[in-house]
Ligand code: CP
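In structure tokens, the next block holds one chain alone, the form predicted alone.
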């Protein structure tokens, strides 16, 4: 049984296979007549819509479940919820706060488990990012991704995915907001090398892709003002994009706090691919679930 909890659960060859399925004209009907449980402790516009439509395209029936309806470890244990879902569904996906929840679900090995986001990882976003870059550039080997901002779950998954795909990864974060020692060890263990720099200009210089995420993620709202002060000078604007290579693109996992981590001029400008990237969430999810179910069979 294969699960997708983080992007480095996959090999480079498996990532390539998933992206190939994602770009196929016809989706394999691996969920025909079957259900997919989509459990959301955290709400999301893009994740819900992309996952539901991906399940439909695979021939299945998506069931959206709010976190309070299952009550992980309050109404029932994570394990009992997973066993219940496996009675009805061929795949279970969960968007959770604690990464340990999806790890416990996968440990039962009943049906494929997909991490739709946790505090540690966002593998479906990384797959969509790689798909966007591959459609833009073709071959990814040797290309450079520059991430400017908080070294969060999105950054970790992106670093792993980019590195496994043969890309260079640079990151610039304010002091105290870089990768933790644990995350850095995970990245190195996966065989990925990253370049950590102090200034956004150093990260962006000559890059093919410039990437940003919000400075304050869901659940960190109480830190918003402190984070805004810490991230002064890390906003991506047209001046900063000018340090990137000719033909560079801008990506953002969304939602964006406009004119905070990135200006309107960049978000809506000619280098932006944020809506293509958002659309690719559906294609990447379809590819990932199709691959997992084919591996199961």
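Quantities reported herein were computed from a predicted structural model and do not represent experimental measurements. Numbering follows the first chain given and starts at 1.
The next section is about a form of this same protein that is not shown, the form predicted in complex with this ligand.
Worksheet item: Picking from 22-30, 239-247, 43-51, 258-266, which part of the chain touches this ligand in the predicted bound form when contact means heavy atoms within 4.5 Å?
Response: Looking at the other structure, the answer is 43-51.
Worksheet item: Which one of 188, 224, 218, 107 is close to this ligand in the predicted bound form, taking close to mean a heavy atom within 4.5 Å?
Response: Contact residue from the list: 218.
Worksheet item: Of the residues 89, 156, 143, 95, which one places a heavy atom within 4.5 Å of this ligand in the predicted bound form?
Response: Partner contact (heavy atom, 4.5 Å) among the options: 95.
Worksheet entry | this ligand contact at residue 115 in the predicted bound form, heavy atom, 4.5 Å | It does not: once this ligand is placed as it appears in the predicted bound form, residue 115 has no heavy atom within 4.5 Å of it.
Discussion item. Is residue 253 part of the interface with this ligand in the predicted bound form - any heavy atom within 4.5 Å?
Written reply: Residue 253: contacts this ligand in the predicted bound form.
Worksheet item: Any chance residue 283 has a heavy atom within 4.5 Å of this ligand in the predicted bound form?
Response: Residue 283 lies outside the contact set for this ligand.
Worksheet item: For 1-35: residues with a non-hydrogen atom within 4.5 angstroms of this ligand in the predicted bound form?
Response: Contacts from 1-35: none.
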